[in-house]
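Okay, so we've got a single protein chain in two different forms coming up as structure tokens, structure 1 first and structure 2 after it.
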Structure 1
Amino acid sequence: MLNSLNRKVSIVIFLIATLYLFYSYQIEPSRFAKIDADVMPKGLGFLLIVLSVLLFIENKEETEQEKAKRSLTKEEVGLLLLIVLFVIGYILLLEIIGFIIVTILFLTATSRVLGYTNWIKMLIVFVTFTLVIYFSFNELLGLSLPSGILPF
């Protein structure tokens, strides 16, 4: 029953999605928001459960070529660990420094580590993207993102 890697991964994803859904139902509704903050987490949780079930019932044998793709070099593992550290740092600093600054720093650092070198394009895209997301949430949806050290 659990002889393929896909089935083992699907069970892990299912358990994580169930835990994620449990905590998404703990989010208290807002009186001021047009769309409550729990809509997205609940939607993602249910989507994860559906995808894990689809992955579990998929009956596809893995070829040797696909198995070879799974092996990572030490450099790739180091890169993945660095990205995980960036994500953890992003989560820890989001409330303290604020969404705008932390998101721009996170996107810039992650892109730089992944090999993008055009600083001007990166900064224009990241600043624009971050500001659009920030003001969309604050003004259109009525959900406030952490402002941190910024006065607005």
Structure 2
Amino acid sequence: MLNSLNRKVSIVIFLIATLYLFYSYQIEPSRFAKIDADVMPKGLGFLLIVLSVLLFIENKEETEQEKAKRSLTKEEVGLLLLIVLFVIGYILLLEIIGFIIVTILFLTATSRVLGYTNWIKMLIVFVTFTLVIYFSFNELLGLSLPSGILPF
């Protein structure tokens, strides 16, 4: 019964809808509003339940094209996960070490794992890019990016 992908997806969506509905019923009522803050969320929750059921019933076979989109090698999945980890690292360190250093590190690490090998070109592009962004944000836009451990 759950053999097709679309059916599995429909179950997940059903669960999301139920969870959303559960929290919609927790919304505190307001004394003044005639049409309160919970009307729309409740409606949306039920609508999503109906749609997930429809998706389950529809049970469309995937087209070849759609299947091809999902065929990833283990290597590629690993690579994408690694980049996600780099992004998390970037976010964690941004306010501690500062924009300039973290950005240059991130750019270099990501391009390396993607297989770019020309170190000199890479460093020239990345250092210029980072400095241009940093100073144009700070000077032109007046938004200061975290300087972190660097003195400027």
Partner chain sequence: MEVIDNILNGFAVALSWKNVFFVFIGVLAGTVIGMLPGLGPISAIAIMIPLSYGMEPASALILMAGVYYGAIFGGSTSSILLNAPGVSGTVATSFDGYPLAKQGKAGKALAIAAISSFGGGTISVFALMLVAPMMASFATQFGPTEYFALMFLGLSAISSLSEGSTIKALISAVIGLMVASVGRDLLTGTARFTFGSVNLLDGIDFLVIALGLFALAEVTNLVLTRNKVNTGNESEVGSLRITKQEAKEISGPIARHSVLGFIIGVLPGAGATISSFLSYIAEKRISKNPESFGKGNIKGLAAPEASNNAATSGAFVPLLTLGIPGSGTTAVLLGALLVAGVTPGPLLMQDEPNVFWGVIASMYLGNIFLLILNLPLIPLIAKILYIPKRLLISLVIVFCLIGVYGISFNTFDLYLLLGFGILGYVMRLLSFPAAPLILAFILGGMMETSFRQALIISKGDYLTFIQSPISAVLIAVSVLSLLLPLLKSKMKKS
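FYI, numbering is relative to structure 1, first residue = 1. Treat the numbers as computed from the prediction; the structure is a model and nothing was measured. Here the rigid core means the biggest group of C-alpha atoms that line up within 1.5 Å when the two forms are laid on top of each other.
Of the two forms shown, structure 2 is the one predicted together with the partner chain. Comparing the two forms between structures 1 and 2, the rotation angle of the smaller rigid part against the larger comes to 65°. Comparing between structures 1 and 2 on a rigid core frame, one finds that residue 66 has its C-alpha moved by 4.6 Å. Relative displacement of the residue 22 Cα between structures 1 and 2 on rigid core alignment is 20.0 Å.
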